[in-house]
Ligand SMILES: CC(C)(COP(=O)(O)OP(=O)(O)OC[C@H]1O[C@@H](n2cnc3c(N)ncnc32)[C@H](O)[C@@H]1OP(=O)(O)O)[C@@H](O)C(=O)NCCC(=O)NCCS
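Below, in C-alpha cells: the form predicted on its own, a single chain.
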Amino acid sequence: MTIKIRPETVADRKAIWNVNCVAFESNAEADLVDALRAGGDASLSLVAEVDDQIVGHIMFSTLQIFTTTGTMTALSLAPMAVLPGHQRRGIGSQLIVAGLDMCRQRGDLVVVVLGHPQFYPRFGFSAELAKSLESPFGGGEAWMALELVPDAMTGVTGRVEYAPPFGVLE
C-alpha cells in the first residue's frame, strides 16, 4: 500500500469533510475544519491518499499562549482523522510526522495536542512539557506539547487560547 501525504486543495474539501465525519461519527470535527479555514486560523492541512482516494486528514491551527511577559504563537494539532477501514496501517503516523516536519521547516515553535497519551508521545509530545500551560479543555495526561525548536518552551507558563471555532467544543 502506497500512502501519499500532500497539502489539501480546494477540490479535496468534500472528501476531507467525509473523512472527519466518518472517523469521528459526527459532524463536529468536520465543522471545526471548515470554521478554522473560514476564519483564517488553519495553518497547515494535509491529506493522505491511498489509490487516489483521500483516507486521512490532519490540520494544524494557530493558537495563542498568554504569559506574564507577553503572547506566544503556537499551533494546535486537531483534528487528525483516518477512515476506519484504513486505521492501524500507519496513515495517521505518517500524517503527524509529515505535518510536524513541515511546521518545523516553516519555523513554528510549539505544537499542543489533546489526544491519546499512549499514541502522541511516540512523536515527541509530552504531558510534562504541557504542565505549564493551562488548557481550556483540561486533559491531564492527554494534554501534551512538543517543542519544534529546542528549548522553545523554556520558562513559558501561561494560558492557551485556541482559535474561536474551538469554542464550540468547550
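Everything numeric in this text was worked out from a predicted model, so none of it was measured. Residue positions are given as counts along the sequence shown, with the first one as 1.
Another form, the form predicted in complex with the ligand, is not on view; read the next lines as being about it.
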Every residue in 23, 80 and 90 with a non-hydrogen atom within 4.5 Å of the ligand in the predicted complex? yes
Does the ligand get within 4.5 angstroms of any non-hydrogen atom of residue 125 in the predicted complex? no
Is residue 137 a contact residue for the ligand in the predicted complex, using a 4.5 Å heavy atom cut-off? no
Residue-level question: is residue 143 within 4.5 Å of the ligand in the predicted complex, judged on heavy atoms? no
4.5 angstroms heavy atom contact with the ligand in the predicted complex for residue 66: no
Taking 4.5 angstroms as the heavy atom distance cut-off, pick the stretch from 129-137, 115-123, 39-47, 100-108 that is near the ligand in the predicted complex. 115-123
Interface residues of 134-165 toward the ligand, as seen in the predicted complex [heavy atoms, 4.5 Å]: none
